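Single chain ahead, by itself, as structure tokens, in the form predicted alone.
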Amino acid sequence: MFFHIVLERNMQLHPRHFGRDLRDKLVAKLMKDVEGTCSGRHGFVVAITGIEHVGKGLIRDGTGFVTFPVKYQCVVFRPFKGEILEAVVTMVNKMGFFAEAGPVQIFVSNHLIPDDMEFQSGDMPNYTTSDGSVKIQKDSEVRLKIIGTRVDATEIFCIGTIKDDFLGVISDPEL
């Protein structure tokens, strides 16, 4: 799920960046440092949408660096238990398969894949139905349901299932 939230961060800036374009340099450094990162509390920061406030700088003793408190708006992505996502399969093995939905990696165990699908090993490992009509392999798009999440300080891990109504393969890379 995507959220638009307001966050705060203290940014350190080297004295060589002081001048007319100080604010632009500060915003560029904020975008470089923050976009694409993950915090366990808020999720993955997708994009900074605006700067609300840049506070007064505080000079650090001995270094000349200045610390600015910056309040900014951003879009974050945080998956929740029970959420339905579309993902791309990145790896298939006999234990299940891994898929990615944006920055989140999701594992689907073979116990959470429908019983009529069997693992096929070989040069392109996959899960195939007995009649061969549906195949899950690398680069397949699947719709899955998140049944569990684990949040670390800098990463979010998910467990998913396709053993439910309207879940499974959306598109096959071979077609």
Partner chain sequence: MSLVADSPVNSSSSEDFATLLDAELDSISDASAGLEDDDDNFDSARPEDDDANEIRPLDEFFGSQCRKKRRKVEILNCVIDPQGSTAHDEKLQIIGASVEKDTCTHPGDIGGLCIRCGQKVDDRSGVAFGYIHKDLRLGNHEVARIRKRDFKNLLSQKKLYLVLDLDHTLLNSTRFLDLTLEEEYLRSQTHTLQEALKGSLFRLDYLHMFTKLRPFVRTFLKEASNSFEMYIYTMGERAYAMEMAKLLDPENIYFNSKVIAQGDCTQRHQKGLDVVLGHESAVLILDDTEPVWVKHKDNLILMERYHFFASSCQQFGFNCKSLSELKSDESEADGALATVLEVLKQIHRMFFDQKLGDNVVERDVRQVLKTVRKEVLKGCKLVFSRVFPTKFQAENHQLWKMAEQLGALCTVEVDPSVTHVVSTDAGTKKSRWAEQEKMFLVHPRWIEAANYLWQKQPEENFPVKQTKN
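Predicted, not measured: the structure shown is a model, and the values here were computed from it. Rigid core here is just the name for the largest C-alpha set that superposes within 1.5 Å across the two forms. Residue numbers count along the first chain shown, from 1.
There is also a form predicted in complex with its partner chain; it is not shown, and the following applies to it.
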Of these, 40 to 48, 61 to 69, 128 to 136, 27 to 35, which stretch puts a heavy atom within 4.5 angstroms of its partner chain in the predicted bound form?
-> 40 to 48
Close approach of residue 157 to its partner chain in the predicted bound form, 4.5 Å, heavy atom = yes
Taking heavy atoms and a 4.5 Å cut-off, does residue 147 contact its partner chain in the predicted bound form?
-> yes
So in the predicted bound form, does residue 13 come within 4.5 Å of its partner chain, heavy atom to heavy atom?
-> no
Though only this chain appears here, would residue 56 touch its partner chain in the predicted bound form if you measure heavy atom gaps against 4.5 Å?
-> no
Looking in the predicted bound form, the residues of 90 to 107 with a heavy atom no more than 4.5 Å from its partner chain, listed in order, are 91, 92, 93, 94, 95, 98, 105, 107
Is residue 125 one of the residues whose Cα moves 2 Å or more between this form and the one not shown, with the core superposed?
-> no
